[in-house]
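One chain follows as structure tokens, the form predicted alone.
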């Protein structure tokens, strides 16, 4: 059983462009919440810093970490590798820190399957519509419409994994979405009542996939 003094693991996943990275950063401003920094082989975006946003490594180094079984989870996404090393996460949890993960459904599945002795809460973030998502992807630092279209195709596949998460939250307004997630985390930790309508989410997913 998880200890009351241990931290909690909180996973946020989403299709590309739905806002999980922004939400993870917002949640990390709450006292005692810290982001788990992932390793990746992709190139940094213009606004990203090594050792802060990601540990940017080459493919050889990433494969060395895989061979040494140092990853809690790792996955290949859009031809780049991403992974979370075990030791820093366990250290934080043992010190009572709540650890936030900005990872995709593959990584979330791997962490769940590890059955670690810590409480785990999982969130899947969805856009309000496919049109809004396409606009976000097109306006990001990727001006290439082909990249946006590739991510839209991946969206059709990613969205099907919503059913494997504890909660699905729609990011129609980033502040409201953040507050909703924060309230659900607090309710989970304190065993309080939860404001969550599964039928509403199911209907929204049906609209996104129809």
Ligand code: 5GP
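Predicted model, so just to flag it, every value in this text is computed and none were measured. Numbering follows the first chain given and starts at 1.
Below: the form predicted in complex with the ligand, not depicted.
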Out of the stretches listed (92-100, 77-85, 128-136, 114-122), which one is close to the ligand in the predicted bound form, meaning heavy atoms within 4.5 Å?
77-85
Just to confirm, residue 182 within 4.5 Å of the ligand in the predicted bound form by heavy atoms?
no
Residue contact check: residue 38 to the ligand in the predicted bound form, 4.5 Å heavy atom
yes
4.5 Å heavy atom contact, residue 175 and the ligand in the predicted bound form
no
I'd like to check something about residue 161: if you look in the predicted bound form, is any of its heavy atoms closer than or equal to 4.5 Å to a heavy atom of the ligand?
no
Applying a 4.5 angstroms cut-off on non-hydrogen atoms, the residues of 103-126 near the ligand in the predicted bound form are 103, 104, 107
